[in-house]
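There is one chain below, alone, in structure tokens, taken in the form predicted on its own.
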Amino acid sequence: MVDVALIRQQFPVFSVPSLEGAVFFDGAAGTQMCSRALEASVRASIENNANLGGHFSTSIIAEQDLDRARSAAAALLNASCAQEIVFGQNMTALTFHMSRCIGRSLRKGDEIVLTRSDHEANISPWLELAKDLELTVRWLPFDFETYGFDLSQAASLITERTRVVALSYANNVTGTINDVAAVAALARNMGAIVYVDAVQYAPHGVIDVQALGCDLLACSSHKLYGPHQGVLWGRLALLEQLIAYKPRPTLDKPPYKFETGTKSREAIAGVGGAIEHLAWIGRTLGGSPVNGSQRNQIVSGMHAVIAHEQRLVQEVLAGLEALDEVKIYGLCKPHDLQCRVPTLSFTLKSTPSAVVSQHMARQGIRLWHGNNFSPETLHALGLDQNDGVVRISFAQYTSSEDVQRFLLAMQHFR
């Protein structure tokens, strides 16, 4: 059982007088930063502010901080080694970068498979690559029963001509968790590279890249209670094989050859702090031994968070389904909760989504509306790209009281 009051003590934002009573339902766009992440970033900016590779103390400690964060990210994703972790500005930048590196080995007429269920950050980089190299793009359609991609079509789309399959772990509009492992198995049989966008899934589920069978997986720290920084995992053999776009003096081995320019050390340190926060939940609320591995602590903490968030989803679904004007886009039945993350989108029959968003802002409830950078999903659902949906998303610090305040505010539209 998650103690929300204890969790909130780890987030300085809940002590800001001007934000007293604020409800944060905007986690799918970015969560609040936890104390451990903030403290690690500040410490790196003040005490260890130096470039890497020097023989003096601040540089040495800065490198140790980076190594710790890389090892923590490896534990989070269950990587084989820390060398499989690449840091970058954000998931979008990392995906553009890696798509170009992969593109060095592709030829005109090669095929890539994308999905109508993905965030644009895992679509546009591949479309741009396809345009430049004259690749053929195949689309895995949207499934109106699961509100994710249509798994039944994957076998016919992924063939011996497929070179890359790019897909999302969880849809950032509907919340559906996609069967990544099943698609990865099909792609692997055809020799294709599988690239996974795990941005929406990472704050709400246990990631095990070994079990998934993918080749590359990216997520974002700012949706995982840390600073703005992207994290990418790649199979070491593939990272070694890929030819990176890099300055000539940069080491020609992973992960360094993919981390161009001066690293954002303070942000990377914050990533380590955010992951340590998840481990703290495992030790404090998840029953994981203090002397256990960081991986086991993270997994225990995540299971505690999952149970908490699923209870909140069930509560809000019951309230929204009681409102005649509301149409929910996503899985709603209690037995489907394990197939979704706590991100829900809906529309009101007679009220624009922007009006709902504005009303909630006046009530101190922070949420988003629009296409949420997922135009393919909105198009599949037949919704207006500009007004889109109202999207709410829960986090580990969300309380039942927050949900009830939101449902009470929704009474305005009855």
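Predicted model only: the values in this text are computed from it and were never measured. Numbers follow the displayed sequence, beginning with 1.
Omitted from view is the form predicted in complex with a small molecule, to which the following refers.
This chain appears without its partner; in the predicted bound form, the one residue of Q297, T115, T174, Q200 with a heavy atom within 4.5 Å of the small molecule is Q200. Proximity to the small molecule in the predicted bound form, taken as a non-hydrogen atom within 4.5 angstroms, holds for one residue of A28, A37, A69, V389, which is A28.
Contact annotation: A121 falls within 4.5 Å of the small molecule in the predicted bound form, judged by heavy atom distances. Contact check for N178: no non-hydrogen atom falls within 4.5 Å of the small molecule in the predicted bound form. In the predicted bound form, R265 stays away from the small molecule, with no heavy atom inside 4.5 Å.
Among residues of the shown chain, I207 is not one whose heavy atoms approach the small molecule to within 4.5 Å in the predicted bound form.
With the partner left out here, the small molecule still marks one of 322 to 330, 280 to 288, 220 to 228, 125 to 133 in the predicted bound form; by a 4.5 Å heavy atom cut-off that stretch is 220 to 228.
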